[in-house]
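Okay, here we've got a single chain as structure tokens, the form predicted alone, with questions on binding and movement later.
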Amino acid sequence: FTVKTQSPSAAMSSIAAVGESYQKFNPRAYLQNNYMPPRADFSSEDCVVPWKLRCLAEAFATGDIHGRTLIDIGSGPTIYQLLSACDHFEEIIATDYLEVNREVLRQWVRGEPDSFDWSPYIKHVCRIEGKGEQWKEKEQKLRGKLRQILPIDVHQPEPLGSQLCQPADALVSTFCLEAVSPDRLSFERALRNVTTLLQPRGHFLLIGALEESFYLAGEAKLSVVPVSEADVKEALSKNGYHIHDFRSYLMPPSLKIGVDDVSGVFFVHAQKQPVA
């Protein structure tokens, strides 16, 4: 009895197929599906979007996660994941595989009139952080710190190529690794690749989908590798992380709106251990 493992060439071709499927990715449809009501209902703390924002705000409120540079792995067309980070880092680097997503981010940084309206998110984060910060102030601060928006490929041993001078003090990644990996092994390998961008003792805040097999972004139907809490914890420990906090959110029936088959969302705060 032998366990079947994919040959390197088969693994590469399934990764290539993932890259191909993303060419149809529609940022506006994706934002509509996931970052507008009903999923973005700020009147209810139990809704998925406020839950994610609270996880991030509480992680940064510990005061443990700070430094010169934070890299966001696979930003997509979103900036909500960086709102609580901007007080704690001098520079934030956003990254994405797709030029369409990088362009959406640049439009937001430039304040173009038809860019996605993140103001409800910024107001909500200012409210839950409770520091009395004006939302416009936070918006300007994040725009000022988002100095680089770079192409990334998490399936490469050097995901940013030669663009990075030194490892970052912290990483953030939301709904990226499981959404671009054809199988569990690729997911673990992608995690290993991005871990090279983080310095020892650096912190990693990771948000992702639990037990999801697909999601829609306009005409694109994108495959996701279904992962459980145990899969995520195992991948992190294999890659030398200590987990400080792990939380799960169960997607209620009212938020299962046909744009994916996600059963829940995980949040992890992990720290890269120095190699002994």
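One-based numbering along the sequence shown. All of these numbers come straight from a predicted model, not from anything done at the bench.
Although not depicted, the form predicted in complex with a small molecule is the subject of the following passage.
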| query | finding |
| --- | --- |
| Contact stretch among 91-99, 127-135, 196-204, 109-117 - heavy atom within 4.5 Å of the small molecule in the predicted complex | 91-99 |
| Selected contact from L146, V104, C176, L191, since only one has a non-hydrogen atom within 4.5 angstroms of the small molecule in the predicted complex | C176 |
| Contact label in the predicted complex: Y30 to the small molecule, heavy atom within 4.5 Å | yes |
| Contact test in the predicted complex: D153 vs the small molecule, heavy atoms, 4.5 Å | yes |
| Distance check, F187 to the small molecule in the predicted complex, heavy atom within 4.5 Å | no |
| Proximity of Y35 to the small molecule in the predicted complex, heavy atoms at 4.5 Å | yes |
